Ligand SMILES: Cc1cc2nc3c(=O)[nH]c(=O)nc-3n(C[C@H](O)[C@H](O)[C@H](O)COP(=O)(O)OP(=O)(O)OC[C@H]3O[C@@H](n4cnc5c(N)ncnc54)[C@H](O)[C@@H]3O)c2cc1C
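Given as structure tokens, the chain that follows is alone and in the form predicted alone.
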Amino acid sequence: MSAAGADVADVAVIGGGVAGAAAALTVAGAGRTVLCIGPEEGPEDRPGEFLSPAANAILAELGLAELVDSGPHRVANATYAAWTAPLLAQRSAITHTEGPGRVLDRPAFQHALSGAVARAGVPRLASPLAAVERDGGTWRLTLADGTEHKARFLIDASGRAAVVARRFSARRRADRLVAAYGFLTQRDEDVEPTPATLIEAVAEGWWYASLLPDRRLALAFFSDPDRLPRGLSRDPGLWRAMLKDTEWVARWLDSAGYEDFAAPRLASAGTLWLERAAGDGWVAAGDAAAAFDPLSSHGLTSALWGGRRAAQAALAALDGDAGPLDRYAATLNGAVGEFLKQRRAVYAEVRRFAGQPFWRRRAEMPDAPVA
């Protein structure tokens, strides 16, 4: 599809992750033309791999009700937390009315989503977006490989980069939370690890550990950049030393025989959002619209919801009805405000470290969006 005499797609989806796949499937399912721009999400592991029970209904809407049932995923019913006190408390979701949550094999899940998009006949242009401009009621999209394409509506599902949406709406940030994360293997595979997720608060932040379907352990530490040891991403010794401040995470790793401590990778994990997630001819979805502190455990589910709802609003706008687009943006604004209140309340439960910088900062953060 070149610029000269090009066909104009109804919708162009920017991004190759979960939100982008949900948006593309929604548009294609409505019988409209759609193309996806940018490389697919890579096969590498990522720190977010929990799919909450609420995602089951969204997958069913997308015609993917069996997607996670057939994959190498783990039903996730047990979560343990040493949060308000240095004692473990268990939360079970075995009777959740929306069905079970799952700890995903994240590359397999993304591959299955991408396969569904391909089977729907949606073309994937792997070259990244280089430039975008509005020409009347049409978007002209120039890719890094020099090709040009046109679309009547844009859905920005490019993650925290928000490559299109940030041009049209200011972004707000509530904090600068960062994740240091890695994936551990067992030294003794005769030991059967507990199929669970564990969260533990410590003086400088909080830890997250979860057993993956392939028996590796996903391990992440969340804190502020200035509270992390300098050189952490290059020194596995520092990573091991930090675990000495834990009680339960270190005990789990030791009892189940986990090792292979490579230096962790670092990634932004803070809460940020667009002041307005939609405008004339465009809408943002997933982390491009609003990215929340991982403590919420709803990142993947929010991406599915946002991709589908953004696409439905885009389709309505193409038919001359801007109401769903306005309601989508208002719903996201409301969700941000509600999340900030809940986040402050949850962090406030940890009083044993109230004097430490990480926890003091959370106590001082506003519980509503600040302009």
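Bear in mind that the values here come from a model prediction, so they are computed numbers and not experimental data. Quick note: we count residues from 1 along the sequence shown, nothing fancier.
One more form of this protein should be noted, the form predicted in complex with the ligand, which is absent from this view; the next part is about it.
Trainee: In the model of the complex, does each residue in the set W83, A277 and V350 place a non-hydrogen atom within 4.5 angstroms of the ligand?
Mentor: None of them does, since no heavy atom lies within 4.5 Å of the partner.
Trainee: Heavy atom within 4.5 Å of the ligand in the model of the complex: which of G115, P107, G237, P128?
Mentor: Spelling it out, the residue with a heavy atom inside the cut-off is P128.
Trainee: Out of V202, L272, A179, A196, which one falls within 4.5 Å of the ligand in the model of the complex, going by heavy atoms?
Mentor: After the contact test, the surviving option is A179.
Trainee: Which of these stretches, 71-79, 167-175, 244-252, 285-293, has heavy atoms within 4.5 Å of the ligand in the model of the complex?
Mentor: Looking at the partner contacts, the answer comes out as 285-293.
Trainee: My question is simply whether T185 lines the interface with the ligand in the model of the complex - judged by any non-hydrogen atom within 4.5 Å.
Mentor: It does not: once the ligand is placed as it appears in the model of the complex, T185 has no heavy atom within 4.5 Å of it.
Trainee: Please determine whether H298 contacts the ligand in the model of the complex, using a 4.5 Å cut-off between heavy atoms.
Mentor: Judged by the heavy-atom cut-off of 4.5 Å, H298 is in contact with the ligand in the model of the complex.
Trainee: Please run the contact check for P324 against the ligand in the model of the complex: heavy atoms, 4.5 angstroms, yes or no?
Mentor: Contact with the ligand, no.
Trainee: Check whether S268 has any heavy atom within 4.5 Å of a heavy atom of the ligand in the model of the complex, and answer yes or no.
Mentor: S268: yes, in contact with the ligand in the model of the complex.
Trainee: Determine the residues of 205-237 with a heavy atom within 4.5 Å of the ligand in the model of the complex and present them in sequence order; the list may be empty.
Mentor: Residues within 4.5 Å: Y208, F222.
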